[in-house]
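Included below are structure tokens for two forms of one protein chain, each presented in isolation as structure 1 and structure 2.
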Structure 1
Amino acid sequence: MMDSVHIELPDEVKKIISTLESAGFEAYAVGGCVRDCLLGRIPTDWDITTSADPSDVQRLFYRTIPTGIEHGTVTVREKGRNFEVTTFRIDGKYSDSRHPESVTFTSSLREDLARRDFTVNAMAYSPAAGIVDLFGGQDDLKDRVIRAVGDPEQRFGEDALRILRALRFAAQLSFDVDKDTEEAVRKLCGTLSKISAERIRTELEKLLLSEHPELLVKAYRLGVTGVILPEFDSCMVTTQNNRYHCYTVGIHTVEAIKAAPADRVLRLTMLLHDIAKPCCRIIDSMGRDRFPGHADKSVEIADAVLRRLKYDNDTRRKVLKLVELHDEPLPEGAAGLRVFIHEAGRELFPMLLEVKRADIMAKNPSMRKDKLAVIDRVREKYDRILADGDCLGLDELCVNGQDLIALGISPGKEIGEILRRMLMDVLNDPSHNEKEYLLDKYVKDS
């Protein structure tokens, strides 16, 4: 029976579908975009599935990019936006739980939908056909469940990444995982070890950035983090019996992720900020848990985790700096604060305030008010420092290396040393950022 549900497609998608149909092919919007429209969410991107071969797609459109011809995907560019147009296909056998050994093109939409991971991701739509929902996707959307298409164990056996994707979609959409699908997650999560770090990273990051990062706890209970992030499992079993805390390290970590803005660097920082606490824990003479040196040690473990997940250097540098500083007290005096901002880096300092706020929000609420008040005061001072245009780095100092060379100091280490002393002076008192003053004080006597 034709479904009467209407989806308002973007003009470019309508045009792509009608161009393919006019040439005698079938074409539909498919997957995440259909799911998101039915949920009233705005799709991130629009994918199109078609009976046309990649060569037909390349012939029918003016601007195309052969993104993944061997898997049937051609990117069509319309009005500066990219649309992935993929030929109906059946995935061949997966011998390694990673890649299908081969893909076969098919003329059957049903077969193309059947290869997709979850029922809510396996619906297609075109203005002519309406919603094509062959696996109960609309019912599962109503019931808010993530359910594998077909037999979950078989589907996870074909591609183990689907195990993590089930949890990521549940976290993004506020859905439950269907019971049989969840049992298959529990049973087969060990096979995630065969999946490449890059694919794991993409899904883990989407889970962290979702509205429900606390699904990390479900991932732990089902055995998933034990495979992809065993460091987190240690946190889940580490108590924090002291006056600052009210949760285990693991639950504190999850609460801190939730309390941080949905930014990649910030949420990764919260995930990793206390990651070394399990190996730093000591019990003092009063019977309280303490974690001396945990920030520095967490930098080491975070570095290893981020390298394992193949994170880029820039992300790694930022996260590690924030982890290193997360527990440092903030100076409240203006001079001390300028030195601190210089050392943290101007870009990272406002992020550090977010990290500290999220950390506080995940601790014992009885200490929250005073600790948040400190952050607020520091933020006000920071805003004042910015408004006043105080020098915060060598690039804002009134003297540079060229000035010193012009005065006859030979290029080298000494120049850096002089500039550093000038900067410390200026951070301490911004009114000293004057060329004449600085040269007089630091060059003439040196």
Structure 2
Amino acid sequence: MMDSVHIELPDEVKKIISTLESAGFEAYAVGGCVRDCLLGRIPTDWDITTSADPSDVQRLFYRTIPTGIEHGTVTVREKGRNFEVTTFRIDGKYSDSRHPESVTFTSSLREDLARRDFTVNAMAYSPAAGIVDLFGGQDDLKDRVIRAVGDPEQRFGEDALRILRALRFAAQLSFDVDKDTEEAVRKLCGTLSKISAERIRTELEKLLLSEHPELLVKAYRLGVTGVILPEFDSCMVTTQNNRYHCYTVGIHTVEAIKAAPADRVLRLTMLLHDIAKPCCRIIDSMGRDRFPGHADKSVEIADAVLRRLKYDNDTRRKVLKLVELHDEPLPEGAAGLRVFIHEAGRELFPMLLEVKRADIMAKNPSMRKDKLAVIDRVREKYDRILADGDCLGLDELCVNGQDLIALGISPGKEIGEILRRMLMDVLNDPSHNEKEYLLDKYVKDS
């Protein structure tokens, strides 16, 4: 189906399409950029599909990069921006549930669109032809449905990552998943075990950062998390029978993710903050569920999950520290709060307040008011500490290691211990952050 809908293309995309058409080839913007335009969104990337062979694309444009030339993709650089231009193609057999063993270039736009994942991503556009929608993508946008192009089992059999992408797109776009597509997810989710951890991580993260991270529950019900995050499945069936909670651990986790700002570290923290509760659960003499030591154990399990998903060291460090501290009571006294901020880290403490707020919002509503009030009071005191310029770390101490060496103290553990004692003193009373006072007390009289 061709439609007269007009899409305002970036000048660079217009130029690429025009250049290809002037040379006698077909060319269209394709995929997610067309979908986003029809939804009134601003595309982040513009992909172009063409009947031109890669060699023709390289000949027609001055600056090109052979990004994936064996699969027909050449990157064209226009005005400092990169645009992927891919030849119409038919994919060969998929033996690894991810990559075609071969691709065949074709002159047919229909054949190229037919190999794509979902109908909403299988539309093309050019100023001359308008919207080319051969598989009902516009209807599915209108009905807010993610539907596989053609046979969903075939699409997922070609590329198992599409299973996660179906749920991710539904979460990002606030769409439902078509029933046949959903059934194919249930049937073939086991093939996700063939997909690399990095690609699983990318799709899971996009789902978590979406407006609807609760699609994680659908992923559980369809068997997807059993393959990519089995620790979450245990949480879904673990009760929390006590006055603080009204959900299973899994549903509490999802509600906490929803309550947290859409920040990667924060939402990963909420995903993993109670991940050890299933193995820490005990029932007390009153029949209540308790979870002694779950924060420390959650750090251990969270570390294993983050390593399995190939997260970088900085992300792991931040998430694990927040998981470690998520259940620690916040001191309301100024001195104790300064020590706590130092231990958490100036960078992470504001994030910890967000973690604690999200955790509270996912608990029994009748228990929230007083706990949220504590967060608000601590936030006010934290803001006052910052405004007053109180010392919160060794880098803000008015004495450093070089000062101690100049006084004849040999480099080593002794210097570290002296600085630590000075810092604890200053955290307790910021007015003590004076070089003369600290040296007199901790060096000259020692």
Ligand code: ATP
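If you superpose the two forms and keep the largest set of C-alpha atoms that fall within 1.5 Å, you have the rigid core. Small disclaimer: the values here were computed from a predicted structure and weren't measured. Numbers follow structure 1, counted from its first residue as 1.
Item to check | Of structures 1 and 2, the form predicted in complex with this ligand | outcome: If we ask which form is the one predicted in complex with this ligand, the answer is structure 1.
Item to check | Did Asp425 shift 2 Å or more between the two structures, C-alpha, core superposed | outcome: Result for Asp425: no, shift under 2 Å.
Next on the checklist: Quick check: Ala52 between the two structures - does its CA shift reach 2 Å or more after fitting the rigid core?
Outcome noted: Ala52 C-alpha, core-superposed: shift of 2 Å or more.
Next on the checklist: Superposing on the rigid core, is the Cα displacement of Leu438 between the two structures 2 Å or more?
Outcome noted: Superposed on the core, Leu438 moves its C-alpha less than 2 Å between the two structures.
Next on the checklist: Once both forms are fitted on the core, what is the Cα shift for Arg81 between the two structures in Å?
Outcome noted: Once the two forms are fitted on their core, the shift reads 3.3 Å.
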